[in-house]
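Quick setup: one chain, the form predicted alone, written in structure tokens, and binding and motion questions come after.
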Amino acid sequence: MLIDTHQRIHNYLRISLTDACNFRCFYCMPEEEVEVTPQSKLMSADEILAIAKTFVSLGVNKIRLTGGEPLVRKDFADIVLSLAKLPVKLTLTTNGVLLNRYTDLLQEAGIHSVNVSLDTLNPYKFLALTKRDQFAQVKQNIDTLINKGFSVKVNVVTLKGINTQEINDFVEWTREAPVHVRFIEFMPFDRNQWNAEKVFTYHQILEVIREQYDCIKLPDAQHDTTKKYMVTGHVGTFAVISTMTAPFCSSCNRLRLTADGKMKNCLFSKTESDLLSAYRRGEDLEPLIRENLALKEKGLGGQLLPDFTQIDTTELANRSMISIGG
């Protein structure tokens, strides 16, 4: 069992398969040209499986595959099918554009829940945000997943002045579709143009929704990162991930493994442990994993301030979001 110094049990591992992506969302990656990690420094499919097995032996029972964009890996199918043999709940986060190629594979692997990042329902704004004219394909793929019985969560990074006027458009989507929309407060990462004025808060999001809808609070599970709601009469739900204004660190059960094999104990942690190099040297990974977990801060990587308006991004030590994994 993996327990940190704050007595939190960790049973959830997020594995980034790549730091490459076929979209170019500014809040995820630096504005300048991104250098993708060379193949030799990425975990291979066999290495991903071997390192995952170590975490599973220590109590991990849920694994989420992330990126970059995980579906751009040519060996994605091999990775999924090998991890599907482990005694874990396997899930996926994707930008959705390639899902049509892998729907049958996901069903074969027993993946029933997929998170899709989609920050706008406007095709022109989608192009502006992602630099790719692929809205129709993403929306079609989401609809296909829903029709095939997948649980689909749509992640919406809520950016003041950019897509906040679409909040209720997303909520309206939940009227007839069993989709789970999750509004995410804008978070600071390396060179992602974050500033406090762009943050649209949990309470502001609810205020906008309540102007148009009657909604009820739903119960949150022990390790939920979301505050869940439902509009009366709708078949879907919505939620808010309130990292900046109402963090959920006290019940955190998540660990992260970057595409280049570094373990991070928090999305905002300064420290990393190089599991991949240790594995390639034939070393036992358990001591490294436990040592890394012992360094986990009580909240927000020990870096972000409770008052997000006082955060100085020049003082933060972290990677870009795309190199951490969503």
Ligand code: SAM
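Counting begins at 1, following the sequence as shown. Here the structure is a predicted model, which means the values were calculated and not measured.
Keep in mind that the form predicted in complex with S-adenosylmethionine is missing from the display, and what follows is about it.
- Thr93 is the sole member of Asn141, Asn163, Thr237, Thr93 with a non-hydrogen atom lying within 4.5 angstroms of S-adenosylmethionine in the model of the complex.
- Scanning Asn265, Thr258, Thr66, Ser273 against S-adenosylmethionine in the model of the complex with a 4.5 Å heavy atom cut-off leaves one residue, Thr66.
- Proximity of Cys28 to S-adenosylmethionine in the model of the complex falls within the 4.5 Å heavy atom cutoff.
- Contact check for Ala84: every heavy atom lies farther than 4.5 Å from S-adenosylmethionine in the model of the complex.
- None of the heavy atoms of Ile111 is located within 4.5 Å of S-adenosylmethionine in the model of the complex.
- Heavy atoms of Met187 reach within 4.5 Å of S-adenosylmethionine in the model of the complex, making it an interface residue.
- Residues within 4.5 angstroms of S-adenosylmethionine in the model of the complex, judged by any non-hydrogen atom, belong to 67-75 and to none of the other stretches in 67-75, 143-151, 205-213, 164-172.
- Although S-adenosylmethionine is not shown here, in the model of the complex the stretch 110-137 places heavy atoms of just one residue, Ser117, within 4.5 Å of it.
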